[in-house]
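In the block that follows, a single chain appears as structure tokens, in the form predicted on its own.
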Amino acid sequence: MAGAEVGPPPAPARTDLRTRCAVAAGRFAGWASRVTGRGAGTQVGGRIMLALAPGALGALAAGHRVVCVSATNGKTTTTRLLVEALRAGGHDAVWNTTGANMASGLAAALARPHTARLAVLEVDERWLARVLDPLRPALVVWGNLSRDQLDRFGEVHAIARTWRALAEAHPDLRVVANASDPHVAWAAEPAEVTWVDLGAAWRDDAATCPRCGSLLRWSEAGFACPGCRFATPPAVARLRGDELVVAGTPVRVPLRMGGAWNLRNAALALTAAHLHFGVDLAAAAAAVGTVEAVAGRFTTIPVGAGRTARVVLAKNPAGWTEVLHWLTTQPGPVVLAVNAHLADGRDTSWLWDVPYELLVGRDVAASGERALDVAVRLDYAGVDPLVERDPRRAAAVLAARTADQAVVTIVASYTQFTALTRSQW
């Protein structure tokens, strides 16, 4: 179904006394966290708000037209690109700029002083079911589902079933969805869907039909189930390379950030802005093309001797595979920095599902707290790495070996990425 432009934003809502007091307490806690150097203050502030006023999320969302963006990979970038696309159409928005995407982070984002009547919120894929009713979104954007920190979140089919239950419970829910991901396509079926054909780059977590369990068949046209005829739905928007066609209108997506995955993120954002908010497609594309980095992604950091390194986040087999394929087109040394904290997932067995063989012949360093695990995996891939736990130091060593000033790329898991880029956010 093609999208329809959403209506005017609701009138500003007046929050109740309990919520206002909770917000004041949360802001103070956030401020205290920042000034004492304990953290950014977002999570602790939001937790205190919700502890003092359990209904605060709904109260803060009232008076806003809410868009929720959820996926395993790319939700932070899609959210930022959607905000920029909407601004091109004159729509001011508040959003969770730090990527804090559970209930506490959403509450903290909405509690920040702002005049916007539009909220674009990145939502963790497992938390979406818990926050959908209080947020009452006018639109949901669903990107992709793949394995991610199995020791924390469980497997892909469980999340797909949760999303489908949401769509069944809210059949009038407007969704912009990735038609090329079988789990997303099945989950979104019962809703009012604007389908976007993004092409299927990662298929390893979608071997079987989410509807009947048969083995899916893949072709250039997409997926098809021989058992129940479940197949790629016809899409109103289609991305091929850097060209997006939305309802018959083509536009080039001029991204400054590299990677085919970011083109897919942009395609979802542009389709949502154009079809659901009436933003001119060319203007929206130009706006997303101004974004150079999102929450530290693709930012550069100094590594000494006047050299810098580009930092890229990769969290799971799908994300790492995307980044490694992109690196085959990028010259320069590579640092692989992996931690195994709770936010990364403590189980590093996923390293064996990533095609590190793509780095054969490159100057590579194994880094992070699990540098030895990475080094063993690289050895089996035929790569002889430098082993250095400090990614900045590893990048400096590789940069010194490179006479042509080629950019060093640090590919980092979540906590290592955050440590490297926090000051750049």
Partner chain sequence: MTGAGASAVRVGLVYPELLGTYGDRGNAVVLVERCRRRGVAAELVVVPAGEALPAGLDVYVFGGGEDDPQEAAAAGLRQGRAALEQAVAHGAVVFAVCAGFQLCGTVYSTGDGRRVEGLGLLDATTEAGAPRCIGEVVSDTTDTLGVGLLTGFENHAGRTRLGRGTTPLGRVLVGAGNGVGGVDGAVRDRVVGTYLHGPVLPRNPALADRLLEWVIGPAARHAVADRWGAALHAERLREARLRGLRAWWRDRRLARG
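Numbering follows the first chain given and starts at 1. Because the structure is predicted, anything quoted here is derived from the model rather than measured.
One more form of this protein should be noted, the form predicted in complex with its partner chain, which is absent from this view; the next part is about it.
Proximity to its partner chain in the predicted complex holds for all of T208, L215 and R346, with the criterion being a heavy atom within 4.5 Å. Remark: of stretches 380 to 388, 22 to 30, 395 to 403, 62 to 70, the one touching its partner chain in the predicted complex is 380 to 388 (heavy atom within 4.5 Å). Put simply, D353 is close to its partner chain in the predicted complex: some heavy atom of it is within 4.5 Å. Within this chain, R307 is remote from the site of its partner chain in the predicted complex, having no heavy atom within 4.5 Å. Among residues of the shown chain, R370 is one whose heavy atoms approach its partner chain to within 4.5 Å in the predicted complex. Using a 4.5 angstroms limit between non-hydrogen atoms, V156 touches its partner chain in the predicted complex.
Between its partner chain and the residues R147, H276, R238, H170, the one pair within 4.5 Å by heavy atoms in the predicted complex involves R147.
Proximity to its partner chain in the predicted complex, defined as a heavy atom within 4.5 Å, holds among D92, D204, E192, D242 only for D204.
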